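Quick heads-up: it's one chain on its own, the form predicted on its own, in structure tokens.
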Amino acid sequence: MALATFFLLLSSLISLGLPWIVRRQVDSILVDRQMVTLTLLLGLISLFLIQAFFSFGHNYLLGAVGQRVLAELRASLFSHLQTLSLSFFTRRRTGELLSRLTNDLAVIQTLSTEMPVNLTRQALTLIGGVAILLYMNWRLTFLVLLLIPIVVAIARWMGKRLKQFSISVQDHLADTTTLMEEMISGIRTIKSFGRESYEQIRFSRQIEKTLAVTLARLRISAAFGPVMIFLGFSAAAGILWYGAREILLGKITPGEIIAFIIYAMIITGPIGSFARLFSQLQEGLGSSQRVFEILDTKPLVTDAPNARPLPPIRGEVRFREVSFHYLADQPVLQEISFAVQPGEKVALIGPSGAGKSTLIHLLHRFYDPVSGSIEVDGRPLKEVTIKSYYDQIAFVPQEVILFGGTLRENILYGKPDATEAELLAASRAAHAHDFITAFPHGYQTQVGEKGLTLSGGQRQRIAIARAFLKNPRLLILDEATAYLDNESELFVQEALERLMAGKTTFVIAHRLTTIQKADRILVLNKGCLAEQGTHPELIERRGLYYHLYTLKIVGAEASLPEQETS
């Protein structure tokens, strides 16, 4: 950056010296009647060449710095996003966040790199040009300086309008990006329902809204240049009129008036640039406001100041009067209490919206309870570091997302330093090895975006293999076998029983085979723990579990009235 600034200063100084040389040559020809020598001409060309070199160096170095700043800004914003809690992402649309990472940061890059250097160049040109003009003819200089109040007034008005429109443009771009992301992600649903025309109309309407705001901003920014040109030529006309009078009176030479006009045009540029930079500043402030809104967001789930690393756990889990809500007036879990011994397999069941997924999210510490506490081996989760806890648990979600890359890389996501033997063992345990080796490239097969080139069952088994590879002390399964056929489910269930022996496992289950083999069944209803026990015990009590079982809807996510959303 310092070298770019140095090149900029040299380039600007040479630019200021060129009109002075032109003045001397014009007077030499018109006044002294002397021909320009070849040596002087070559010197002038050499000066142009030197200025071109410094301008190239400045532009290249500044561009490189700008790209580096943009890359670092994106990395910083992305890193910050990784620290934010799950609740932040549930309130934000993906397209909006993508817009912050692309459109807004590009505007900030211009604001943070090009603007300071341009401001320095224009300030140097303006100060140097005005000083030379004052030295040449102070009367003509004041005629030029009369433009400044007019330019400043125009810039202030345009700047305020541009800031308003710039914020609106960025908001509309975020909405457009969100819409594109939704359409691309949901293309199967769109085609299945034959809604291509509807989506095209919806997208066209959004594009028209964005275009209307963009054109409104463009009208203001486009008008600025012609206004500055008009003012500049008006000043030049005034200088010509007054300068001609001074030449006739013998007070100045033709070379001086030509040089003066050139200098006047030179300083008109910085005056106009200041206004343009002011407009860019207003645009940048709008984008900065949106980006720093994210950077200023603090994660809701963080390590406490006195948090300590969690030692290797046995797997005892205890909920003590745990309550939670997403909205203050809509409780999702209410005073849930239970204790699970190390190595127990716990099945969570209940009607849709009973709070099963929320309970799992609290156990994983995606959220913290509103009241009550969750303990693992007698230690409240809020008193241990998040990383030390996450290192000892594994989570297989209902909707598996695989990352772009190979099958090997996706399985190793659970344990990047795993050996080849561990990788193969985990794949075989999840019954993934056979279908993986059936691909032409085996474990090096590219999975495609979100793993959509694989079937649902294949994606599920890759996720299970990933969890097996991590070898957790606490395992959380949310419909982990939901996408497997009966034969594959049997193999995976056998593998689960063998590999998870001695490890505490929580399963959101709907299939009777899983529920009946559980050491403990937790039955949730309307955010409360309705009952708990083994399958025979709960059947004997003839409570909610018995009701669901006899209606044969234990595995069908029964929909009872007035349920809260989990």
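Fair warning: this is a prediction, and the values are worked out from it, not measured in the lab. The first residue of the shown sequence is 1; numbering continues from there.
Keep in mind that the form predicted in complex with ligand ATP is missing from the display, and what follows is about it.
Heavy atom of G414 within 4.5 Å of ligand ATP in the predicted complex: Taking the distances in the predicted complex, the answer for G414 is no, it never comes within 4.5 Å of ligand ATP.
Proximity of T358 to ligand ATP in the predicted complex, heavy atoms at 4.5 Å: Flag for T358 set to yes.
4.5 Å heavy atom contact, Q341 to ligand ATP in the predicted complex: Contact with ligand ATP, no.
Contact test in the predicted complex: P351 vs ligand ATP, heavy atoms, 4.5 Å: Answer yes; at least one heavy atom of P351 falls within 4.5 Å of ligand ATP in the predicted complex.
Contact assignment for ligand ATP in the predicted complex, among Y242, Y389, Y367, F435, heavy atom within 4.5 Å: Comparing distances to ligand ATP in the predicted complex, the residue within 4.5 Å is Y367.
Residue among S455, T90, T94, S76 with a heavy atom within 4.5 Å of ligand ATP in the predicted complex: Exactly one residue meets the criterion: T90.
Per-stretch contact check against ligand ATP in the predicted complex, the hit in 162-170, 312-320, 203-211, 326-334 (non-hydrogen atom, 4.5 angstroms): Checking each option against the 4.5 Å cut-off leaves 326-334.
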